[in-house]
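Listed next as structure tokens: two forms of one protein chain, kept apart as structure 1 and structure 2.
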Structure 1
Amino acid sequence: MTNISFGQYVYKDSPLHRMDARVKIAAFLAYVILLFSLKNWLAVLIMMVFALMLFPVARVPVKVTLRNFKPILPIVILTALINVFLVRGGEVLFSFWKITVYRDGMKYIIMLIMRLFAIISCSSLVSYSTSPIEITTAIEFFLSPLRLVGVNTNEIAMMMTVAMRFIPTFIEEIDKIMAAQKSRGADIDTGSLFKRIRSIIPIMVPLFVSAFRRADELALAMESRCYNGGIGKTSYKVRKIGRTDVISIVVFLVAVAAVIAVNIFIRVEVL
């Protein structure tokens, strides 16, 4: 659990940190949509390399992505094993007993892993380079059309931001509870699968108690600061699209055009 860093914000004086949060979130959504619409593995590889090139720009170590990828590695492996046998098509790579692996199945797994790695890389960059307040403002901006039908977009944005911000907090709380349980002689890391599942119950109960306590403390803190759900709210710091944002948009559009051109005109077989 300590490997999950999503929801954390690290202040750095970098061009990515100075960008408007609205531009970063819009670019991230466009990145994800484009990533899953590509059918050429070389284009997906370019998208993944493009994400990795942004880490030095944001002054964030690449190992952050590797740390985020580690918790979902068992799910990725399980998904790969299932699909490598279910996806049929193309040449047979090898066959053993009733197990047959096809070329299209291996291609699908390679594309899946590359896409997941690219998405985790970009989400880590957005999380590390954007403060919770900026995320709230950006989400509220994108949801602003819902105000026409009477939806309080500020409350929705605040709930989403608080949920993301509390991810690392709850992970830290889980580590403390597990350490306390182990100090009392609880066996959490060994035993059969059923026994390890049962050992989660003594962890979840105090975790829920801590979550409700933190939620109550947060509600009291917001009420003491006269938070009223966005009615008549004004922004302390008004963000505007600046030079860095314009340059970033141009670079992103050029990269997207290059990737689309590679996806259409260049065909290189991975297997």
Structure 2
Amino acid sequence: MTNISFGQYVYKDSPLHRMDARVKIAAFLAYVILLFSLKNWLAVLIMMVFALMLFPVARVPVKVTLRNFKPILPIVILTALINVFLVRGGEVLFSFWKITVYRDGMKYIIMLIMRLFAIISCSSLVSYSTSPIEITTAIEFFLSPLRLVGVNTNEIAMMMTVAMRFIPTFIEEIDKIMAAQKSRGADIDTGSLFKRIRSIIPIMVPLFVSAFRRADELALAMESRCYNGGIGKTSYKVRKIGRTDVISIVVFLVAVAAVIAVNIFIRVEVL
């Protein structure tokens, strides 16, 4: 329960931590788009390696990626199996019984796994090196055009900050509630579906009661510090694009150019 990896920000002194969150998020989006527009497996491999190379730079252990990859592994395996058996095209690699595996299916699935792995690596990097506050400030920045049509982006950012701030708190609370109810003989992990849904009630009720109480207390604490919905709010820290950001952008663009060049000019047919 306690090792759910969300809001996994760990402070370290690294270029990636120093980077502006807006640059990181924009780069991440560009990375994902590029990853899915590439058709050349070598280019995808290079992008994956590029992401993995950033781990030592950010001083984050690579095994973090493996841990984040684990929860989606069943889905990956299922998609892999479906695609390997259903995609037809290219020559037949091997066949047994009624199943035939084609070259295109194999190719497709290897690309898919590499892409997913690259995305998970990159998103782990971003979430490990960017504090939730920085992420919301960045999102507030990206949403700022909406202000023209009368959307209060400050409030959206505040809601996100509060939500993220309370995730670890609620995980801890669920843990405590489950301990208390299990101690009273509550059976949470076994039984029929209906029984399990019923067994959630003793956990959800205290959790919601606590959430409402906390919301109330937080609202009171914010109001007593003159929070008025964020109108005319200024930031304590004003982020400016600095030297690290410029260098990162240059490195990123060079890497993108290299990958595109590989994608267009180099063809290595292994599969």
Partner chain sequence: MDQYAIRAEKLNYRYDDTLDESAFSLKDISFKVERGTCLGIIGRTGSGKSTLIRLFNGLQKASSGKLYIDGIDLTDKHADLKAIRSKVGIVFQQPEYQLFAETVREDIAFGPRNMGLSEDEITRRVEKVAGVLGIEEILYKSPFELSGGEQKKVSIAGIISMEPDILVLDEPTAGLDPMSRRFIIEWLKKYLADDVKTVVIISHAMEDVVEIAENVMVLKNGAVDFFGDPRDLFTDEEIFIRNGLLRPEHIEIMQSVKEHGHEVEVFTRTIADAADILERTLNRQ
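Remember, predicted model here, so these are calculated numbers, not experimental data. Structure 1's sequence is the ruler for residue numbers, which start at 1. If you superpose the two forms and keep the largest set of C-alpha atoms that fall within 1.5 Å, you have the rigid core.
Enquirer: Only one of structures 1 and 2 is the form predicted alone; identify it.
Expert: Answer to the question: structure 1 is the form predicted alone, whereas structure 2 comes from elsewhere.
Enquirer: Take the rigid core as the frame of reference and indicate whether the C-alpha of F36 shifts by 2 Å or more between structures 1 and 2.
Expert: Shift of 2 Å or more: no.
Enquirer: Verify the C-alpha shift of L148 between structures 1 and 2: is it 2 Å or more after superposing the core?
Expert: L148: C-alpha displaced by less than 2 Å between structures 1 and 2.
Enquirer: Quick one: once the rigid core is lined up, does A138 have its C-alpha move by 2 Å or more between structures 1 and 2?
Expert: No: A138 shifts by under 2 Å between structures 1 and 2.
Enquirer: Core superposed, what is the CA shift for A157 between structures 1 and 2, in angstrom?
Expert: The alpha-carbon displacement, core-superposed, is 3.2 Å.
Enquirer: So with the rigid core superposed, the C-alpha of I201 shifts by how many Å between structures 1 and 2?
Expert: A shift of 8.1 Å.
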